[in-house]
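Presented below, as structure tokens, is a lone chain in the form predicted on its own.
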């Protein structure tokens, strides 16, 4: 027996006419998409065979070439510089985007900036940056800084909007300036989450720095792409292993930084 305002589990999962039409529609669209895209079991079988032969060329990985270490160091530099610059730009934008601190017209302008930065994949921004400033690390820094502003700005503005306003009102009652309100009323309440945001974005930039390098924006990605073009698959495997190691080191550092500043 259920109360009048409650719905039993059986009633909730019971298929209605609308749900049945929805299921049929989803299945029909999946079949249409598979037919349109040319998916077939034959192609999958051929792909598995080609994939096995392709992966066989990865072993044993080759770490002897001298291009790996400079590329990894450049990717690391790109990741840290873009995270630092992007975070520095994102902090004032996040404060302006917080609707509990700013009037609506200011917060909407700041949110449009954040939305614009989040609308483009780092690779697309990297391609534009390469066309603007040429090949190299500068294009990668621009691309990942762009992404960092969007990510940190959005999450930090939302964290500011979730803070307790009682502490803000108490500091304002003392006649404190706006910067003192931010320093003593906002920062202590969002600092732990902010450190997490920055640590995660730095870790993300470590991965993305290898990806933007494929289009000429510096880092180990360019070396990886060149190795693919030469069909030097054992060297490709060595680069991939080094990238995995770099990301793992970044993950360990992220955990350590959180423990230190928490």
Partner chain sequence: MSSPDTKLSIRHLVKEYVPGKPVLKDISLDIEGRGITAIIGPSGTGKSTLIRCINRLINPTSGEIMFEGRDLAKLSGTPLREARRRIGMVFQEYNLVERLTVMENVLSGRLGYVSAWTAWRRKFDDADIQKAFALLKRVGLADFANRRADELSGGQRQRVGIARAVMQSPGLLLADEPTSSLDPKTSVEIMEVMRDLAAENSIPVMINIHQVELGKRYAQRIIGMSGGLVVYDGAPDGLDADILKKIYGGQDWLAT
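Keep in mind that this is a model prediction, so the values were computed, not measured. Numbering follows the first chain given and starts at 1.
The form predicted together with the partner chain exists for this protein as well; it is not shown, and the discussion that follows is about that form.
Although the partner is absent from this view, residue 172 contacts the partner chain in the model of the complex, with a non-hydrogen atom inside 4.5 angstroms.
Remark: residue 106 does not count among the residues lining the partner chain in the model of the complex, judged by a heavy atom distance of 4.5 Å or less.
Although the partner is absent here, residue 176 is a contact residue: one of its heavy atoms lies within 4.5 angstroms of the partner chain in the model of the complex. Within 4.5 Å of any heavy atom of the partner chain in the model of the complex lies no heavy atom of residue 89. Along 184-210, a non-hydrogen atom within 4.5 Å of the partner chain in the model of the complex is carried by 184, 187, 188, 189, 192, in order along the sequence.
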